[in-house]
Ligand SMILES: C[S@@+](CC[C@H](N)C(=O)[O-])C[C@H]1O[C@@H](n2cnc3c(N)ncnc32)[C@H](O)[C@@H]1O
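Only one chain is included here, represented as structure tokens and corresponding to the form predicted alone.
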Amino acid sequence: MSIRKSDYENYDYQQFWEGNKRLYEDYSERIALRRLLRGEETRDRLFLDIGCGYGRLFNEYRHFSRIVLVDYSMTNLANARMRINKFLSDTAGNIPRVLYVAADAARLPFRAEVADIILTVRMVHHLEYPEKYFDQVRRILKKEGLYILEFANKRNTKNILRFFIGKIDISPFNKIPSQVGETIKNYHPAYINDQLSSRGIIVEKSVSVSNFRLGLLKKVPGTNVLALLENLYQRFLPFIALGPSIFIKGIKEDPQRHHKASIGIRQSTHTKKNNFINRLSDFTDIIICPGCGNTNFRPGQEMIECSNCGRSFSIKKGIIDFRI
């Protein structure tokens, strides 16, 4: 069965998170992301949120100098832009430069080795061919760059119990991805590890997330107690990967340098300013044509045009549409 692409053009993804019904999941993902970003230098660094949705997690990485939010849905990006503009207008201090890009995860319009950090949350389970996306991550991420990925965990407690009592036939213990409905794939942690390591991205840390995601537990003992338990679980038992969601922190290897992963805080290796960071006016120094890979564009008021293949990419309400 082929996985069907999720339709976020005609569905307001904000509705999924509004109200109190998913406060626990939101909190769980935020504390995991904070832990994995802890100690990372933010000045003069480029942060890509690929599969950003409506920008739900923006305030967790807002301190980075330049930020690119990428999604396939123009609706999501329009909501993200409105939400982030309001957030920034209400926030004092340095304001990052932010770019909004509509693009296919398998054909990302960015130059090789430009990203210091790439984040992907609640996106990869929608991809029919995630390996194509991981190829893009390998291409775009700098050597010794950081990759934070969240994926739906096939080997979670609920699936294990259901398998042993005969409720499901698919074993949660093998590496083969399992499809849930028409739009979602769950992955075994070993499968994700293999996909990344084969591309030179070494998993440095793994965190089990949303470990108490059960409707009954949200009512009794309630979200506040679950949040406390989640914090303790992520702090002391993150390696017991039985939650429905897993966050991993990977580092792209540098073949020219021996890389040793440390147990403590990883210090940034990006101490010098990159030439592209010093440009304040735009992001044209990091983008490429997703059709031919050309780096030169002819600018217009409501579009940019590839100077090589002639493809035009519209700019609508501050969002560049690179979908082809």
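Note that residue numbering follows the sequence shown and begins at 1. Note that the structure is predicted; figures quoted are calculated from it, not measured.
The form predicted in complex with the ligand exists for this protein as well; it is not shown, and the discussion that follows is about that form.
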Next item on the list: Choose one stretch from 157-165, 233-241, 120-128, 201-209: the one whose residues place a heavy atom within 4.5 angstroms of the ligand in the predicted complex.
Entry: 120-128
Next item on the list: Answer with one of 193, 136, 186, 73: the residue that has a non-hydrogen atom within 4.5 Å of the ligand in the predicted complex.
Entry: 73
Item checked: One residue of 31, 57, 37, 288 in contact with the ligand, assessed in the predicted complex (non-hydrogen atom, 4.5 angstroms) -> 57
Note to self: Can you work out whether residue 69 and the ligand are in contact in the predicted complex, taking contact to mean some heavy atom pair no more than 4.5 Å apart?
What the structure shows: no
Item checked: 4.5 Å heavy atom contact, residue 52 and the ligand in the predicted complex -> yes
Notebook entry, point to check: Heavy atoms within 4.5 Å of the ligand in the predicted complex: does residue 104 have any?
Noted result: yes
